[in-house]
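Heads up, the chain below is alone and in the form predicted alone; it's given as structure tokens.
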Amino acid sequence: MYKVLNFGSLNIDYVYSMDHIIKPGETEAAHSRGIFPGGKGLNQSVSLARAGSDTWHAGALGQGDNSILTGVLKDAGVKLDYLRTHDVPTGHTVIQVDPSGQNSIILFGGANRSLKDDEVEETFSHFGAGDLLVLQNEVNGLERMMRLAAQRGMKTAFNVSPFTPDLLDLPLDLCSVLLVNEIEGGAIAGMDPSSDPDKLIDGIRHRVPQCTVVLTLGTRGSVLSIPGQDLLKCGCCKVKAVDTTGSGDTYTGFLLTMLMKGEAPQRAMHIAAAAAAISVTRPGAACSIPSLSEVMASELMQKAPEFKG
């Protein structure tokens, strides 16, 4: 059985319900504020575990009461053996959500950017060939982690988010899977992000020809490119969205788990799309992620959604 090591962020999300996403210079009263566990790393660990992967979350918390973060991870079955506490503030976000469920996010890295080389190396000593490393761009030390994973025969799945230009200097060729949206994909390919999805995939593959590439397109769906195979496409399941925060992380965790378990790629995409759709019908990020049994029993699995590329 493979193991998953997710070296990822943990953030306390302060979510404000707004009439609209405010503009520069504008002041607007919020209807409500919710406090939720979040961070792309935490969300993806919860998703991986709820999808059925044996998951360890590694990273750093700041001083103070972080039970809102550790509690949701433990409840999902995520192991915390390699989670450290540093003398800096815990990461957090300020999120605006409008009535349609769209959001705007301000991110403060805090402890997520305080990882130490010796802690990272000690953590990797517990993983090896056939295991999966999952990364996002919300912690420091990514290049070192990619190289350590390659040295130990691990696969690396890198969710290239949030995108920053320095990511192009990372050894992306060491990754087994790259997960990107249109903007991130366009930046990697050196193309307009509004380009045809097939052309975006071609541009990304030119840079990392041996990687499996997952291109997510919001409400249009997603595209999966596996080296040597035809492109696969899957639509987005239609539901009434309440809060889209964390839906991409839900998709990532379920898709990676299904692929690692040997599920047919097209069906893996359908399962991941259904999981993401269920998550947007609930407020919050990590706490909105369904279990695999809930996804498989849902009506959303009865028919694969149509791709709208």
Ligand code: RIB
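Everything numeric in this text was worked out from a predicted model, so none of it was measured. Don't overthink the numbering: it's just position in the shown sequence, from 1.
There is another form of this protein, the form predicted in complex with ligand RIB, and it is not shown here; the text below is about that form.
Enquirer: Of these, 80, 120, 105, 232, which has a heavy atom no more than 4.5 Å from ligand RIB in the predicted complex?
Expert: In short, 105.
Enquirer: Report the residue, out of 181, 225, 93, 156, that has at least one non-hydrogen atom within 4.5 angstroms of ligand RIB in the predicted complex.
Expert: Only one listed residue qualifies here, and that residue is 93.
Enquirer: Can you tell me which of 238-246, 45-53, 27-35, 265-273 lies within 4.5 Å of ligand RIB in the predicted complex, counting heavy atoms only?
Expert: Heavy-atom contact with the partner occurs in 238-246.
Enquirer: Taking ligand RIB as it sits in the predicted complex, is residue 138 near enough to touch it, meaning that at least one heavy atom pair lies within 4.5 angstroms?
Expert: Answer yes; at least one heavy atom of residue 138 falls within 4.5 Å of ligand RIB in the predicted complex.
Enquirer: Give a yes or no for residue 57: in the predicted complex, does one of its heavy atoms lie within 4.5 Å of a heavy atom belonging to ligand RIB?
Expert: Flag for residue 57 set to no.
Enquirer: Consider residue 39 of the chain shown here, and say whether it contacts ligand RIB in the predicted complex, taking contact as heavy atoms within 4.5 Å.
Expert: Yes, residue 39 lies within 4.5 Å of ligand RIB in the predicted complex.
Enquirer: Just give me the residues of 8-29, first to last, that have a heavy atom within 4.5 Å of ligand RIB in the predicted complex.
Expert: 11, 13 sit within 4.5 Å of the partner.
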